[in-house]
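Just the one chain here, the form predicted alone, laid out as structure tokens.
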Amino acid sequence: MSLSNCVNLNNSNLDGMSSDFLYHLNINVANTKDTQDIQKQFGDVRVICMGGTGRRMLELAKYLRLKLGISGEGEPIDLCEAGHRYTVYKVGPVLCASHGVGSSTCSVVLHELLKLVKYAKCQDPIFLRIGTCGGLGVKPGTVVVTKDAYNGYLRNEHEIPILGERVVRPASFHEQLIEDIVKYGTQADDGFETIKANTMSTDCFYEGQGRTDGAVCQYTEEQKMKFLQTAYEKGIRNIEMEATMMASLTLMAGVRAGDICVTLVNRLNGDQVTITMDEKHEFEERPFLIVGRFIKHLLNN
């Protein structure tokens, strides 16, 4: 095994730990100096797919079984069920993990998944987030592959308080990976558009995203539209709640990552999702198509 392609996290404290309990995944690394058991179970993982809900990750796991031609009896097994927090399914060299809603819940599982691939000595693993989002000036059903992630201040950075101090980190995704996802994941006859664009990621679904339909609202429709137009002028074409954190943390960890989301509404036309449930289900499967094709290409080359 080539150690040069293994994950080498930016935390020297891990080297001094004799064991590491990945609490929220309910995975115990009993001996960090001898991780053969972890390597045997997870060492072949090439791609970690992440999405908000356990149900969506189960559907993705079943889809990837068919797409990648991986045999299996019954439904995929949730490897972290006993932890009662996140779901994780393994489909050959792919993990499908839920992350909840927003950066705070997503960061918890992302930290632990990053440590898991380190202990498993995975070779150059790729992290992909798959989800739904609000669109900005694009038709509902458009798939957006994120280039740069902007926070709620419309800055291309992730902001986090650490030890009482404001820490700001860059928030961009791997440029060549973005190109490859679009190149190998899309087809001319898809029937929907897949674009590369910037994404705004906020800490709040309602006020943070400029909605006027939340429990409270202290700004006008005109102020909202001015804010959204400013975001549009920065090349932002979708709005969600995880991209800045994921981009910055994976950059710090030195792993490649991407964010692929389908829009359910054009926020320039309103705040409420008005598509039918059938349309919503079909839209949610569109990132599956893109990611499935990309992963198949990756594994075959």
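What you are looking at is a predicted structure, and each value in this text was computed from that prediction instead of being measured. Residue positions are given as counts along the sequence shown, with the first one as 1.
From this point on, the text means the form predicted together with a further copy of the same chain, which you will not see here.
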property	result
Of 127, 86, 89, 173, the one that lies within 4.5 Å of a further copy of the same chain in the predicted complex (heavy atoms)	86
Residue (of 273, 30, 68, 268) lying close to a further copy of the same chain in the predicted complex, criterion heavy atoms within 4.5 Å	273
Touches a further copy of the same chain in the predicted complex: residue 105 (any heavy atom, 4.5 Å)	yes
Contact test in the predicted complex: residue 215 vs a further copy of the same chain, heavy atoms, 4.5 Å	yes
In the predicted complex, residue 45 touching a further copy of the same chain (heavy atom, 4.5 Å)	no
Non-hydrogen atom contact residue 9 with a further copy of the same chain in the predicted complex at 4.5 angstroms	yes
a further copy of the same chain in the predicted complex: contacted by all of 17, 21 and 160, heavy atom 4.5 Å	yes
Option from 186-194, 113-121, 137-145, 90-98 whose residues, in the predicted complex, bring a heavy atom within 4.5 Å of a further copy of the same chain	113-121
Heavy atom contacts to a further copy of the same chain in the predicted complex at 4.5 Å, residues of 200-215 in sequence order	203, 204, 205, 206, 207, 208, 210, 212, 213, 214, 215
